[in-house]
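For reference, the chain that follows is the form predicted alone, supplied as structure tokens.
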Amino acid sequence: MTAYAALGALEQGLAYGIMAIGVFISFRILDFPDLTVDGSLPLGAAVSAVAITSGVNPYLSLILAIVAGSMAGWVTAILNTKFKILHLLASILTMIALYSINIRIMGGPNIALIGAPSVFDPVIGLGIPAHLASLVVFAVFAVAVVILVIWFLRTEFGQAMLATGDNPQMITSLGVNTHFIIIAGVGLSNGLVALSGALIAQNQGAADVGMGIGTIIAGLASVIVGETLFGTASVARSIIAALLGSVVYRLAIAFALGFEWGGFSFSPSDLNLITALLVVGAMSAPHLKKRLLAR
């Protein structure tokens, strides 16, 4: 793996790490299987791209993307809590609807941002090369998200969210409205995913309706790899592990795609296979380690 490929994988790991934290909130904290993220990531990209091309400040477009992603999450959670639709089915319905909504927002399947202002311009203006500016911006946003989420989960509302995912019967008996907690939590999760999509679109110079395909798989892989390598001793450690797991996951993908042995090499079409192997390895590693220690 070349240094350029490693740098690109690190950038992607940090950018998609924000998405992985969003997936962690829904799957691990709320115990809410949510496939909406496959639609909310391109939703954030679409909203940000349209806003920028309409003259909106790139940083303000990120806020609009977060709001749009949160609204998508609210729809999924409301379908589940108020209309009693199974959470998995509710998220699939929202994801399917978002495909058409994203095309409607962009006025087509994609929209270009080449030459348009972006959140990277101020950093480039400081004299930092473009390929390093994106790494700096992604790192700043990723660290900020980690700090804010950890702080939020230590608040009274955040503790109620943790309790809702862990023991909904108990927290309901204490008078907490678990429906509101779930709606807010799934909204927060998809808001972070949309933020990730907006940053990626500005970095790539385009938003595309298909850029969210496989998002949930990558997010779960990042969470599982992070938990396996860095542990889950506390909520704060688990959130940091999700971010670092995304970086490790992207580095592993870059290494696998650059791997050659005896004329054999992986191609981009093998990405799903590589992801499946990584997840299987990450999930089976603790069990294999336990068996080896027992022997």
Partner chain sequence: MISLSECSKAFHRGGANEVQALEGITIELDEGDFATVIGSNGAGKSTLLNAVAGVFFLDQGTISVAGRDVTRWPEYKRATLIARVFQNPLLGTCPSATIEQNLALARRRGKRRGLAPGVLQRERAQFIDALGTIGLGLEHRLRDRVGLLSGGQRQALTMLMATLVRPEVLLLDEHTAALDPKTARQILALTRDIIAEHKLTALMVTHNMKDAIALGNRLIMLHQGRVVVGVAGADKQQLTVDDLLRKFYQVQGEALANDSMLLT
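Residue numbers count along the first chain shown, from 1. Treat the numbers as computed from the prediction; the structure is a model and nothing was measured.
The following text describes the form predicted in complex with the partner chain, which does not appear among the structures shown.
> Among V143, I124, V176, I101, which has any heavy atom within 4.5 Å of the partner chain in the predicted bound form?
Replying inline: Of the listed residues, the single hit is V176.
>> Which residue, I150, L89, A160, M71, is the contact with the partner chain in the predicted bound form, using a 4.5 Å heavy atom cutoff?
In response: Checking each option against the partner chain in the predicted bound form, the one that comes within 4.5 Å is A160.
> Should T53 be classed as touching the partner chain in the predicted bound form when contacts are defined as heavy atoms within 4.5 Å?
Replying inline: Heavy-atom contact with the partner chain at 4.5 Å: absent for T53.
> Should A133 be counted as a contact of the partner chain in the predicted bound form, where contact means heavy atoms within 4.5 Å?
Replying inline: Result no; A133 lies far from the partner chain in the predicted bound form.
> Hey, in the predicted bound form, does R154 get a heavy atom within 4.5 angstroms of the partner chain?
Replying inline: Yes, contact at 4.5 Å.
>> Just checking whether T172 would be counted as a contact of the partner chain in the predicted bound form - the rule being heavy atoms within 4.5 angstroms.
In response: The answer is yes: T172 has a heavy atom within 4.5 Å of the partner chain.
> So which of 109-117, 164-172, 193-201, 90-98 is the stretch with heavy atoms within 4.5 Å of the partner chain in the predicted bound form?
Replying inline: Stretch with heavy atoms near the partner: 164-172.
>> Where, within 221-236, is there a heavy atom within 4.5 Å of the partner chain in the predicted bound form? Residue list please.
In response: In sequence order, T232, A233, S234 come within 4.5 Å of the partner.
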